[in-house]
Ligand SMILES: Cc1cc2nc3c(=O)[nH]c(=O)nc-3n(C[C@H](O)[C@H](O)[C@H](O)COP(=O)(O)OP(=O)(O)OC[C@H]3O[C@@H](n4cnc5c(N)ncnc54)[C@H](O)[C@@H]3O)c2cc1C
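Taking the form predicted alone, here's one chain by itself in structure tokens.
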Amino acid sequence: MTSDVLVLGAGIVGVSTALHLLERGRSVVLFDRAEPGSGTSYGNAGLIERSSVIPYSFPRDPMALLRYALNGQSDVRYSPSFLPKAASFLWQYWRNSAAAPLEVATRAMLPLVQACIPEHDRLVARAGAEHLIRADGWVALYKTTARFNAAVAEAGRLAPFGLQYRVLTPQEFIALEPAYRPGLSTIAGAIHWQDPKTVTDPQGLVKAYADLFAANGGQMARGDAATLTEIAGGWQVTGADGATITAREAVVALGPQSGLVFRKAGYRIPLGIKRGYHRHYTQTDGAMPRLSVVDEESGYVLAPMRQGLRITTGIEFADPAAPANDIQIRRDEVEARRLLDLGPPVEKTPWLGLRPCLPDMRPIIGPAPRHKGLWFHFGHAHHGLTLGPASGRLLSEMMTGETPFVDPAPYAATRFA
């Protein structure tokens, strides 16, 4: 099998990239060892997050750092034995979370965030996936008056970004979401962010995009991306059936597994991994919430999904290969049961996923500096589902010689040279 481009990775980022390249007349092979959307793209909270214009930064407040150091929080947990291995990444992440570099990251990411809804809308319409999308935003829930008042003030400071939101009293929240406990006294208020969209089956959406890719002439193949080898005039991988697949260009869109390729090629890129979990629950009274709700003070998401009500945890810093644990899910479940009636879990054990992150809160989108025809496209952190179609468009424009719709310089791999 031969093609113009070999895209390694069939998550939302890789599938979106393959679709954009196909639209621009390139022959494309989408290569992965598993089904489209079965990795990190499967387990997210299903938010197309138009309102997240400020990247997720590392806490700078000393009191917050002390709370996290005690390791009893539900939104962030760490494995003490893993901290020495993660120290360099965490130090860089902390430094880039200061006011000045965070402002740089915000300006760099804003064009992609602004493009996320239009780019998804176009692919959703082409793929016939409208049944997987809800266009009524999500709700940020606050339990203490101090946090609620601070969040309202912060929302006001985001006015230059033109975001639509509504501040809710506890009574207004219950009127909007009657599946939660009537007379709820455990919250101080909420903010309904109205610009984002939500996905009821993230893997289903990636599969719909992959089906669109295949229906329009794209080729799909299974195999291990670590077999990528540079050959005369291009790149080659070996499929699961032993056959070779060659292409003039290759895109590394492997999310948390991207290091299998870039390290082999000699690149030292500080790709960090944030682990995260989810679990689905039935509703004892059959009343499924309508909107996704983020418990901002406990750091988890309650998202209505096809499989049930999904609890998606915050961050765990631990060895990516370490066994899964249920500490965060158990903590989040206790908090969630104070808000609404959860039935039994659907799965016996929580699902564990890996989020690929870079310490300056920007993905790498662009050419590999020392290898002709090799392109990098990874490190989207918490926003792979949000940004995949937009960043896929940007990379495909770079690869085909079009004028990019946004300046690609902030995403260049050379910043880590």
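Everything numeric in this text was worked out from a predicted model, so none of it was measured. Residue numbers here begin at 1 and follow the sequence given.
As for the form predicted together with this ligand, it is not shown, yet the points below apply to it.
Using a 4.5 angstroms threshold between heavy atoms, residue 67 stays clear of this ligand in the predicted bound form. Though the partner is left out of this view, residue 351 does reach within 4.5 Å of this ligand in the predicted bound form, counting heavy atoms only. Put simply, residue 298 is far from this ligand in the predicted bound form: not one heavy atom of it is within 4.5 Å. Residue 392 falls outside the set of residues with a heavy atom inside 4.5 Å of this ligand in the predicted bound form.
None of 359-367, 44-52, 59-67, 22-30 except one has non-hydrogen atoms within 4.5 angstroms of this ligand in the predicted bound form; the exception is 44-52. Contacts between stretch 292-319 and this ligand, counted in the predicted bound form as any heavy atom lying within 4.5 Å, involve 312, 313, listed in sequence order.
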